[in-house]
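Shown next as structure tokens: one chain only, the form predicted on its own.
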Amino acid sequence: MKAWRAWVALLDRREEGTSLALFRVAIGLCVLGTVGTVVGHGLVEVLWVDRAHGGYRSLGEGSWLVALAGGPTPAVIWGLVAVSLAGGALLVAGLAARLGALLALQGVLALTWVNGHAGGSYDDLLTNALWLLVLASSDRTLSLSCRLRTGRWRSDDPVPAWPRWLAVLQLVLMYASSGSQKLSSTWVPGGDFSALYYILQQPTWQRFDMRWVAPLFPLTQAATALTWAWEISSPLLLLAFWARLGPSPATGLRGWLRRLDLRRPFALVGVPMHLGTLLVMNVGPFSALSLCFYLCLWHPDEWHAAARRLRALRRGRPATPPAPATASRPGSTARPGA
């Protein structure tokens, strides 16, 4: 019973909703970008409509939702496109965000399952994020819902913290599983660390000619080794969150981990890596989606502190320290960074 009570107390922790709101907006933009890109390039019927109706290959009945609606016909597919875009727009606006996430989730799932040749693992990452937003209270602040409810765009209403933690867990699982599958001699210690160099030479992924990278081969070797080590060690990031769940000020191992703050070196590697990938490689929405999850690494108090520092820099004066956080309802937590 003691363990059960501790588990219930953990899941009852609450925090102000800024981190989840930023995640909601970013994922909504990714939905609009992912589906809207297909629309903009005129590829909706080519990729997702059956050959009998003008597509490039036979798709059968499609996913369960497509089959239930009548198969991958133009009317069904365009209806799902409209549902997906409407869901993404609701997420960005923060209006009925859970409904928007559910609409986008079912629309994107149906579209990406209808043709397995026209997608990638980033589709799973997007739909996992949407499912988290179905479960989360992500429109309590920075949303049209908040504006209609309170007359302001921001609210300090506490929301459950566990959806943000699950987003971080998703990020860790993605990197850890990716690193554990990089077992060729081009990736692991003992090999030649040539993986990234050869990846950059793949014409199907290049945004432009990358032959100029050849003289920089030693740098690509170092980047390969760093990427592999970073992905394999990503579960250590969870220790940063464990350290913030305890009492404050922390002592011993918790205190040392709080001072070390593994989130910073993790982001210092991950953010430039994804931005670089986005710049030189065409891997779909993977990099943008991955960066969305980074928004959940920081507690809302830390986002507010960063905003205050930016405002102070613009005004040319030091930022005032943040006021101590206080619990606003039973089950809330006042520990920054938790």
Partner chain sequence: MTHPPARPWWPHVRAALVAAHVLAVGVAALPAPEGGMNRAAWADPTVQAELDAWAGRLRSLGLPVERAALEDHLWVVGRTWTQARAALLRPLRPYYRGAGTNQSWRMFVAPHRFPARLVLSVREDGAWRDVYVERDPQRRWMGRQLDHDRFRSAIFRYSWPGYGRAWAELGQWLALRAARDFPRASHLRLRFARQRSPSPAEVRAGVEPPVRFLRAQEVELASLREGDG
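All figures in this text were calculated on a predicted structure; none of them were measured in a lab. Numbering follows the first chain given and starts at 1.
Only in words, not in the display: the form predicted together with its partner chain, which the text now covers.
Heavy atoms within 4.5 Å of its partner chain in the predicted bound form are found in exactly one of 103 to 111, 82 to 90, 136 to 144, 248 to 256, that being 103 to 111.
Among heavy atoms of residue 148, none comes within 4.5 Å of its partner chain in the predicted bound form.
Looking at residue 119, you'd find a heavy atom of it within 4.5 angstroms of its partner chain in the predicted bound form. At a distance threshold of 4.5 angstroms between non-hydrogen atoms, residue 124 is in contact with its partner chain in the predicted bound form.
Looking at residue 242, you'd find every heavy atom of it more than 4.5 angstroms from its partner chain in the predicted bound form. Looking at its partner chain in the predicted bound form, residues 158, 234 and 272 place no heavy atom within 4.5 Å of it. Interface residue among 199, 226, 219, 260, judged by heavy atoms within 4.5 Å of its partner chain in the predicted bound form: 199. Checking 78, 153, 230, 205 against its partner chain in the predicted bound form, a heavy atom within 4.5 Å turns up for just one residue: 205. With contact defined as any non-hydrogen atom lying within 4.5 angstroms of its partner chain in the predicted bound form, the contacting residues in 1 to 25 are 4, 7, 8, 11, 12, given in sequence order.
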